[in-house]
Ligand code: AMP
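Before any questions on binding or motion, here is one chain by itself as C-alpha cells, the form predicted alone.
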C-alpha cells in the first residue's frame, strides 16, 4: 500500500484515547512508509493525525474544499495540499489517490465518508480495503447497526465481512495490507 486515506473528526472528542489513537496512527503510517491522504484540516483529530505523520517523516496529502480554506481550518504545513471546489470533488479525489481507507472516531462527516466508500465497494466501484479503528469501543454501536441490517436482509453477510475492525492501529494496518475479499464478493465494475 502506497497511500491510505483516513477519515476522522475535526474535533478531538471527549476522551484522551481518541487523540492518542490519531497520533499513533499518523506515526505508524509514516514509519511504514505509507502516505497519508486526509481532509487537509489542522483542527481536531485531523490536525493531530497529520502532525504526527509529518513529525515522523511521513508524506501527507491534504484535500480540502475552497470553502474550508476560507474558514482558516486548513493545515498550512502540508507538503501536498490540493484545493478543490466541493465536498464531492474532495471525496472523489481522496478515493482516487488512496489504496485503502481507515476511519478514526468522528461525527457526521466521518461516518458519511466511510459509509460512502463502503457503498462504492459494495457496488463494485473499487476493490480497496477499509477498516474502522475502534478506539475505546467508539464504533460498536455502528457495527451493531450493520449486524442488524444484515439480520434484516439489507446488507449481505459477505459485504459486512468487508469491514475490518481493530482497536490497535498496527493490527489494522497489517490487515489492510494483507486484505483478501470474501469469495462471495464480486466486483463488476472497473476499480477507481
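Residue numbers count along the first chain shown, from 1. Nothing here was measured: the structure is a model prediction, and the numbers come from that model.
Quick note: we don't show the form predicted in complex with the named molecule, though the next part is all about it.
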property: Contacting member of 64, 132, 34, 52, with respect to the named molecule in the predicted bound form [4.5 Å, heavy atom]; result: 64
property: One residue of 150, 143, 165, 68 in contact with the named molecule, assessed in the predicted bound form (non-hydrogen atom, 4.5 angstroms); result: 68
property: 4.5 Å heavy atom contact, residue 29 and the named molecule in the predicted bound form; result: no
property: Distance check, residue 136 to the named molecule in the predicted bound form, heavy atom within 4.5 Å; result: no
property: 4.5 Å heavy atom contact, residue 41 to the named molecule in the predicted bound form; result: yes
property: Heavy atom of residue 98 within 4.5 Å of the named molecule in the predicted bound form; result: no
property: Sequence-ordered residues of 1 to 30 touching the named molecule in the predicted bound form, heavy atom within 4.5 Å; result: 7, 8, 9, 10, 11
